[in-house]
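Given as structure tokens, the chain that follows is alone and in the form predicted alone.
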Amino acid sequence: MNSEYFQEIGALSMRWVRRLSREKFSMIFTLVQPMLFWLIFFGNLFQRAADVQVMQAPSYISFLTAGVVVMTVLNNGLAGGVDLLFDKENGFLERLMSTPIRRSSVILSRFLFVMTITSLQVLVILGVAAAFGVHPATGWLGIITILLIGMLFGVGLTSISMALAFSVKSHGDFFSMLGFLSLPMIFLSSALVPLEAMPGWMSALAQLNPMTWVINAIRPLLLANWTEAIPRIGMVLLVLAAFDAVCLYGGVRAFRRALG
């Protein structure tokens, strides 16, 4: 039974891979967009305008790198349910659910696919950042830790996305809600500026944003050392445990309501 279950997950995961491979333009844009527009263009644009003493980083690009990494996880996670939405709209999801497979394999295969693509993107972003002199201070173990934290954050985000996919009636509604969620989460976080540089009300809201906790845990892995990073990693694990639990609960309820 276990081997059959893993075969189901593997087969469904390969379906997502084949679909992406047929959409070459989308694949290239998805890979290049965070690296090109945020890290290279935005980072260099504000390189001289940013106060490195306020940023507590050698340069604005080095400060921004952690934010770009987490923004990539955010955008991929929130878009993770879009293919399921299209499957629901064209009736394929209903036909798939009528086959003798475990329903959870559909969800797990989507998680696996989204997190794999996101991890590859993060590695590319870190490679580009290295070309601008941003080398992770905690080495390869730090990079692995960054990927693991990103994956934990991505679990909750993908759950939100799939809950939306199962709840909304059209992809127009889905993308509208996606934009409504993503932009406030980016700007009400420490992705672009530190909390100390924000207006008081924005800083207070940013501290309620799980994205801020993830960025603040990843940033010392890139710029500082393990001594500074470990306490923040401990805190972010607690935050993400609560965040993922709530998101997974909501995602499962939406899935059961839509297909139950």
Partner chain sequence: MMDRIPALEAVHLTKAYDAVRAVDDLSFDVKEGEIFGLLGPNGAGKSTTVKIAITLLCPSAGRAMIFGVDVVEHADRVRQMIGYVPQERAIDRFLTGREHLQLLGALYHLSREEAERRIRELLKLLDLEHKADIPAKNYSGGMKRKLDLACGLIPNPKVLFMDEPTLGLDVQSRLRIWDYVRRLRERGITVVMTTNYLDEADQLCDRLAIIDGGRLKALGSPLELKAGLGGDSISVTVGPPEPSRIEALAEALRAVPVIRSVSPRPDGVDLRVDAPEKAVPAVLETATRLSCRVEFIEYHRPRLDDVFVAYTGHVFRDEFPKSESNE
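Since this is a predicted model, take the numbers as computed values, not measurements. Residue numbers count along the first chain shown, from 1.
Here the subject shifts to the form predicted together with its partner chain, a form of this protein not shown in this document.
Within 4.5 Å of its partner chain in the model of the complex, a heavy atom is found for none of A163, K169 and R253. Contact between R95 and its partner chain in the model of the complex is found at the 4.5 Å heavy atom cutoff. I101 belongs to the set of residues with a heavy atom inside 4.5 Å of its partner chain in the model of the complex. Although the partner is absent here, G139 lies well away from its partner chain in the model of the complex, with no heavy atom inside 4.5 Å. When its partner chain is considered in the model of the complex, G133 lies well away from it, no heavy atom lying within 4.5 Å. In summary, the region of this chain contacting its partner chain in the model of the complex, judged by heavy atoms within 4.5 Å and restricted to 150-158, 83-91, 117-125, 67-75, corresponds to 83-91.
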